Every structure is written in structure tokens, then in C-alpha cells.
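Shown here is one chain on its own, the form predicted alone, set out as C-alpha cells.
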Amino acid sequence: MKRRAIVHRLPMAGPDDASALVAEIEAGRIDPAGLRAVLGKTEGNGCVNDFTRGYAVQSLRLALAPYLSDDVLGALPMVMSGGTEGGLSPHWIVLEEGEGPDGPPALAFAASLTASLPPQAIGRMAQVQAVRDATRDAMRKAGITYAADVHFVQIKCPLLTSERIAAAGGDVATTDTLKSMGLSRGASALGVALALGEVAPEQLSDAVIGQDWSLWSARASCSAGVELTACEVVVMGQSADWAGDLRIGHAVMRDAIDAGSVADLLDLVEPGFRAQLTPPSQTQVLAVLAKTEASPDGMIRGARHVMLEDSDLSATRHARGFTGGLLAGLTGFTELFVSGGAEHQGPSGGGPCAMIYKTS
């Protein structure tokens, strides 16, 4: 017998609602002992004060407490990404491991947690190195030998708050709490890039984080939040140690309107894809995960955008709604894990996109 990946995409009525997950457990369709990670897309603002992420984690822990010990719950990654602007739908993505008969290489995943990061490490090389090590550890746990077989690395990382900055005596990468989110995401992404051989060690230093956009990972997706102090690293790829009918593929969007790269990815479930996935093909897609950002040069294919100049709405919120609309139009559904802020995650102004799907 081989390991087998099982993926559930479940609705969320609000950050306090884990009822769909409990219903699946009670019906015997999810074995809580097989849970390896839970990803959640919540409806907050995705900024420093987005408490829907912590609220969702708390709700999830309470819902799972009757089924799992405190130790197991404490080690279970719960990656919450805030912001469902536009038509994006809040939802859960549940990664479960089971057993299955022998077969060709299939979807594989595993998680690793770094130690708690002191404020001084956030957005600096210490965070890069911690994520590098956690990514390699998760690959080992998943039985993924080669970096080329990794298709997506989902990370939840900490940010700086006023209290954490004060505790560090001001020895931090930035005293701007919102900017700290981008630096933490960027450092985490470069840790993935280092682990997967996408950048060389000599290219990296504190000075390039959040500055040199020529350095990026094609497979990192990082979301920062106030609800944790460690980095939760979930590696997804394919491995001969796993079997079953699930696969994963990824693409890199060169900008926020790169429908062509996403169309090439959707061709995996609907050969000859042209417009929008047909209903039969939609049922094969279990999860779509993407990174997006407002292009930092203020331009999209030669035309000016104002996302960076809006004082009322964070640019990451614009970007999620913008890219979410594009992806919804192509896939035909809105339960899409679109995360804003793509520092060092894909080329500047673009971002990685992955799809977990069932073979026909």
C-alpha cells in the first residue's frame, strides 16, 4: 500500500464556522487522524488587524478538539489567509492522508513548522534560513526527493506588531507593521526559493529582501498574520511514494491579467481549454491556489493602475478581487484561494498559481 492524498474543499459561512468539516468527520468521510493541514480563506481585510484569521484558527481548534489530542492539534498547520474581496468565497481546503493501492506518482504533501521566530528575525535572513530548512524537512516527510517535483509551498508566517517591536528594543527590519507583512512574506518566499534551488545562497542578504524583485520563487505562496510567531510550511508536489487519482500542477502568472498561463494549467483537466471550464471539468478541480499583487511599478502592460495610491483600500485587497475575478471567469467557480502580497513570489506584478485536480 502507498500513501494517498485526499483533498476536501468545504464552504465556510464565517470565520466561526467549521460545521462543514465536522459534518464530514461525523459522516465518516474525513478521518481526523489523517489530517495533515487545513487551509482557510477568511473574509477579513487581510491586513495587520485582520482578526478573522485568528478567529478561524480558534474555531477550527474547538471543532477538532473532540477528535484530536492537544499535542496533535498544536502541530497541525492551520494556514489562514484573509481577504475575499470581490466575488471570492470563504472556504476551507482540508488535506488528509490515507492509504491506497500501488499506482503512478500522485499528489503528495507534508508540513513542517519552524521554531518561534523572535521579532529580530522577521523579514531577515534568519527567517529565510528557517523556512529553507522547514521546506526541506516537509519535502522529506512527503517523500519528495527532487525539487522539480514540488509544485506549491503554502506558508503562514508572522508579522511585527507594536508589542513585538518594543520587545525587540527596536532591533527589527521595520517599525511599520504593515510593511512587516511584506518583508515576512518576502523572506519566507526566498527561503522556499533557496530550498528549491531557484536562487543561490550568495544572492541573498538582508538587503535584498523586499528590494531585489529579480529574485523570486515560482512555487511559494506566503501569507502573514498576527495569530502566530512561527512559520507553518506546507509542501505540495508529486511523489512515487503516493498513489491515487489526485495530481497537482502549477503555472506562473507574469502579471495580474495573465489568463494564458492559467489556461495552460486548466488544460490539464480540459484538453483544448479555450474559455471557461465546463461543469464536468469543474468537478475534477479540488483546489486553486494563487498569489497576486499590485504591480509595484504602478503599471500593467503599459497602462497605469491606482491600486498603490488608494488611501482607502489596501493594494492587496484590490489585487485579490482583481485576480479573483480573472480566475473565477476561467474556472467557473469562486472558492479560490487567492492570497495578496506576492513579494518574491513569482515575477514582479505576477505570481504563482497551482491546481489540485482529479484525473479523469
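This structure is a prediction, so every number in the text was calculated from the model and none was measured. Position 1 is the first residue in the sequence shown; the rest follow in order.
Separately, the form predicted together with another copy of the chain exists; it is not shown, and the next lines address it.
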query	finding
Partner-proximal stretch of 97-105, 239-247, 191-199, 155-163 relative to another copy of the chain in the model of the complex, 4.5 angstroms, heavy atom	155-163
4.5 angstroms heavy atom contact with another copy of the chain in the model of the complex for residue 72	no
Heavy atom of residue 118 within 4.5 Å of another copy of the chain in the model of the complex	no
Touches another copy of the chain in the model of the complex: residue 84 (any heavy atom, 4.5 Å)	yes
Another copy of the chain contact in the model of the complex: residue 29, any heavy atom under 4.5 Å	no
Option touching another copy of the chain, based on a heavy atom within 4.5 Å in the model of the complex, out of 288, 269, 88, 110	88
Residues 140, 147 and 151 all lining another copy of the chain in the model of the complex, heavy atom within 4.5 Å	no
Neighbours of another copy of the chain in the model of the complex among 237-273 [non-hydrogen atom within 4.5 angstroms]	257, 259, 263, 264, 267, 272, 273
